[in-house]
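Before any questions on binding or motion, here is one chain by itself as C-alpha cells, the form predicted on its own.
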Amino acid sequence: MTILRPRFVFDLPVEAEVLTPENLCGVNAERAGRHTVAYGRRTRLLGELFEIDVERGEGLVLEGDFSRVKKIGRAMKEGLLVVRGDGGMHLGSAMSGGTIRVEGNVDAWAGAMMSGGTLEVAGSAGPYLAGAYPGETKGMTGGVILVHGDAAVRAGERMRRGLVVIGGRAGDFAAVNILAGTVVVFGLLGARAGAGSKRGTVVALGGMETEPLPTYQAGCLYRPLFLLPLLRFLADRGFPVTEAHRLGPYRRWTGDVTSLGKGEILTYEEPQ
C-alpha cells in the first residue's frame, strides 16, 4: 500500500494524473517520488509536494485535502484508490477499470467519459458528473458511479452506457442528451431532466422539482419489476431504499420527442 499526504496547503492547482495504482503501487517511496506533476505553471517532483510512505496492504491511499489536486485516477485501469478527504476536478475521468472510493466530496467532471470500473463518493459531486467534455459526443460509456450525497448540474450528460446513482438531490439538466444508460436519483430531481434524450432511463425516487418537459408524454402508472435487482444492489451499498420503492407505483414518461424519443423518466408516486 502506497500512502500520499500533502506536505503543505496548496495555493495553486496541482495536475497529477500520475496518481493511479498502476503508477505508484509496487515501487518504493524514492522511485514513486520521481514522478513529475504540474504545480501551477511549473513542473515539480511528486516527492516535493507529497510525503510518500509504503506500508503493507493493497492500493493507493491519498490522505488529507486533495481538493486542489486534479486528475486523480485519470485513465485508471485496475487496482484500488482511496481518497481519505476531498478530491479535485476530473477525478476518475476516462477510467476503464478498478475502484475509486472517496470519503469526502469531488469537484467538477468526476468520472467524465469513464468506460468501466467503480467510482464511489461518500459526499457530494460537482457539475458534469459522468459527463462529456466540450466537443465530445459521448460521456460515460460504462462502469458504475455511486454518489451518496448531492450532484450539481448536468450529471450524466451524453451518457452512452453505465449506471449513475445519486443519493441526494440532482441539479438541473440531469441526463441531458443521454444516449443510453441509467441515472437513479433518491432526492429531488432538478428541472429539465432528460432534455434531448434519445434512449436511457432516469429514475426519480424523491420526486421532481417540476414536471418533465412538454416534449415528454405521460404514460402508465405501473410497477417496473426490472428495478428490483437494481434496488437490492443499491440497498446493499448503503442507499436509502425503502419497501415502498420496491413496490411502486411509478409513472412512466417517454421522450424527448425532439430527439429519438425512446428515453424514459420513471417517477415514484406515493400510493393514494
Partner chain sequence: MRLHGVEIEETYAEAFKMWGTRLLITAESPRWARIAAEAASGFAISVIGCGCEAGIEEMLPPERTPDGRPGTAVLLFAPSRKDLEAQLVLRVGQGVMTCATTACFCGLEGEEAVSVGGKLRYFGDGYQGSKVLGGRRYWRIPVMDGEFLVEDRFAIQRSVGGGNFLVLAETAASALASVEAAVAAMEPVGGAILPFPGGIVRSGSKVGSRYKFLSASTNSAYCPSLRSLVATELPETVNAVYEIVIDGLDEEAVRKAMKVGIEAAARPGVVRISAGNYGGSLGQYRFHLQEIVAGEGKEGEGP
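Just so it is clear, the model here is predicted, and its values are computed rather than measured. Positions refer to the first chain, counted from 1.
One more form of this protein exists, namely the form predicted together with the partner chain; it is left out here, but the text below deals with it.
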- request: Verify the contact flag for Gly181: yes if a non-hydrogen atom of it lies within 4.5 Å of a non-hydrogen atom of the partner chain in the model of the complex, no if not.
  value: yes
- request: Determine whether any heavy atom of Val27 comes within 4.5 Å of a heavy atom of the partner chain in the model of the complex, and answer yes or no.
  value: no
query: Using 4.5 Å between non-hydrogen atoms, is Pro214 touching the partner chain in the model of the complex?
result: no
message: My question is simply whether Leu230 lines the interface with the partner chain in the model of the complex - judged by any non-hydrogen atom within 4.5 Å.
response: yes
message: Please identify, from 197-205, 113-121, 70-78, 127-135, the stretch that has a heavy atom within 4.5 Å of the partner chain in the model of the complex.
response: 197-205
message: Just to be sure I understand the contacts: of Gly238, Gly40, Pro224, Gly219, which is the one whose heavy atoms reach within 4.5 angstroms of the partner chain in the model of the complex?
response: Pro224
field: Answer option from Val153, Ala94, Ala108, Leu163, heavy atom within 4.5 Å of the partner chain in the model of the complex
entry: Leu163
- line: Those residues of 237-251 with a non-hydrogen atom no more than 4.5 Å from the partner chain in the model of the complex are Arg246
